[in-house]
Structure formats: structure tokens, C-alpha cells
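Below you will find one chain, with nothing else, as C-alpha cells; this is the form predicted alone, and questions on how it binds or moves follow later.
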């Protein structure tokens, strides 16, 4: 893996006596989608605000990769001491929209472009690209305050990208959106990433992020429990696999009566399906197939799955108690 573009090192942040971040460390790599996952109040927003230098930690530091001059090797500098440089490296869309309600979609993009001292040509070019990317062509001249919730979110992300930053930071980008609109936003985020932008996002939608994120950082009570790809997390944390079986005529009591219990964590019959959790799927599956043949059962459906990210998060949380 290449050198990280951001390094978070032993960061702690408190508000009064409330310790929100407790000695957290992780890296961000170019081109990835890093999901920071945790319940409300776990410290996700505080991590993002500390990452961009908006908040100063009581302990530790956040460093970003930079080249001071052409030909000089990359170095790392604090986001706190180099704000003029680092603010051009990221775009940030917070939970609360930052666009101007009384400006149109196009005027908002022009306004945010002017804040970064972009030329009129660059603003025009970037605005055209972003309006198309966010599917806002029909609303380009619509005043922002009358946009729908999904359009508001798309406009806010567009404003954060107007200066073409290499890193996009999103805080709960699909909060309060219905499932259809959430899927639309996730598709846009995936498209932005495939265009080369590194993305860091905070969310609590575990299932939806499983196929989106390159890596996931689980956060609980201000601590990073684990960081890794979804598959790495499942392999490292998983302590069972689940067999879902549907047969006809479905006499599951006969099918499971002689399975060695040492391999079985749980077995349930729900409707017309048998669900077995096991730490050793091979012997259990072989016995099931033998018993089905013996009892003249016809397989309708069979599936073996690992733990979901939700299960992984629950397992990690229990280990911390």
C-alpha cells in the first residue's frame, strides 16, 4: 500500500469533561473510500472536524502529505499549522447544508468557486461538470431553498467539489433520506470515487456501505475498535457462518436430528427455512446433504454466508465491554 495522504496519530478530543475521542489513530490512502461507522454520539463528526483542522485536539496530531517544492520528496505537515494549504486538498459536506438558500444551484456553485479564488473560466467549467454529475440540469436555475431533500444533498456535495479537491469528506451524506434517494447518493459517491477522488465519510448505514467502502473504521465511545476492508473485518472477527436451507417437503427435525452438536451454535426453523449457525461449516453441510438424500428431501434453496458487517460490529462491541 502507498504512503497515506492523511495520518491521524493518538488524537484525543474533549469538550469540557466529556472525552469524545480517546487516543485514536488511523491512516487515509489515496483513492479509497474510508467509512467511519458508529452510532449517534460515538464521535464521528468530531473526527471529521479534527481531520480538517476545524477542531484542535487536546492530544495527538493530524498530518497531511504535501510537497513543499517541485522535486522535493513528499513530507507531512500538521493540518493546524498549514490551513491555507490543506483547505484546498479537501471538500467538506457537513450534516447541515452550507449552501446559500436564496441563490440558485448555479449561483451557489459560482459563489463557492469565488471563495477559492477560481477564475471565471474554471468556475464555469467545474459548475457545468458538477451539475451534470449530480443530475441537477433541470434545477440549475432553481432557488436552493425550494429544492427537495435529495437535491439539497446533491447541491451541497457539488459545492464541496467546486475547487476539484483530491479528498472529499462527507458527514452522514444520506441522513433523513428515503431508501431510493439514499441509493442515488451512494451511486453518486461511487462515481466520484471512480473519477479519482479519495472519500472519507461518516455514517451508520452498515449494510449499504459494505459494498461501497474500501475500508471501514468502527467507532464506539470515542475509540476505533478496528480498521480494515469489509472482508478483512469479517475474516478477523467472524466466529460463525450461517447455513440457510429450504427443502421439500421440509421435515427439518429429521434432517438435523443426528448432526454433531459440537459444530452447532444455533439452529432455527423460520417459516419454511432451516437456519444453522456453525463454526465448522464443512462437516455440518456434508451431514445435511447426506440426511436430505436419506430422507428424500429436494433442495429448493441453500446458501452459506459469513457474518454481516452489522454482526461484526456487534461482536467487536461485545469484546470491548
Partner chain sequence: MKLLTIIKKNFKTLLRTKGSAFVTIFGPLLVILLVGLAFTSTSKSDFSIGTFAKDDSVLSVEYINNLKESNFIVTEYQSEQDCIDKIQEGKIHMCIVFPEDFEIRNDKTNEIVFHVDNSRQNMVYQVMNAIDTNLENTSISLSKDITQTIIETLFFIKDENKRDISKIINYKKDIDDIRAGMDTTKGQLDSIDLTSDEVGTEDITNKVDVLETNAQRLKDIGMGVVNQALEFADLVSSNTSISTTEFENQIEDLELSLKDEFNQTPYKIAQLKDAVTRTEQDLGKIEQKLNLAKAKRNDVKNRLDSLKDDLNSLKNGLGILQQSFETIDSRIDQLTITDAENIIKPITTKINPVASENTKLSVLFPGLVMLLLMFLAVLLSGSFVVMEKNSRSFFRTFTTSIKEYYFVFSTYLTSLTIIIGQIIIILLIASFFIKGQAVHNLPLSLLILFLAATFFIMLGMGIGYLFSSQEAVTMISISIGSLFLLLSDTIIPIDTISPNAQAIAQYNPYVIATDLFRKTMLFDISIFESTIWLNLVWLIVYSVVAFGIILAVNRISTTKFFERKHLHHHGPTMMKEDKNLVLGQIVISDKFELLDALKKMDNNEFSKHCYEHKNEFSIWTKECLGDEKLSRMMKNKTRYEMIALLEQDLNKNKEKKVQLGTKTENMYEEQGK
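Positions refer to the first chain, counted from 1. In this text, the rigid core denotes the largest set of C-alpha atoms whose superposition between the two forms falls within 1.5 Å. In this text the structure is predicted, and so the values were computed from the model without any measurement.
Omitted from view is the form predicted in complex with its partner chain, to which the following refers.
- Exactly one of the stretches 125 to 133, 243 to 251, 210 to 218, 191 to 199 approaches its partner chain in the model of the complex with heavy atoms within 4.5 Å, and it is 243 to 251.
- Contact annotation: of the candidates 225, 206, 181, 167, the single residue with a non-hydrogen atom within 4.5 angstroms of its partner chain in the model of the complex is 206.
- Of the residues given (66, 295, 280, 287), 295 alone sits with a heavy atom within 4.5 Å of its partner chain in the model of the complex.
- Among residues of the shown chain, residue 233 is not one whose heavy atoms approach its partner chain to within 4.5 Å in the model of the complex.
- Its partner chain is not shown here, but in the model of the complex it comes within 4.5 Å of a heavy atom of residue 145.
- In the model of the complex, its partner chain lies farther than 4.5 Å from every heavy atom of residue 140.
- The closest heavy atom approach of residue 187 to its partner chain in the model of the complex falls outside 4.5 Å.
- Contacts with its partner chain in the model of the complex, taken as any heavy atom within 4.5 Å, map within 153 to 175 to 156, 159, 160.
- Once the cores line up, the CA of residue 18 ends up less than 2 angstroms apart between this form and the one not shown.
- When two forms of a protein are overlaid on their rigid core, residues whose CA moves 2 Å or more are considered shifted, and residue 274 is one of them between this form and the one not shown.
- Core-superposed comparison between this form and the one not shown: the Cα of residue 292 travels 2 Å or more.
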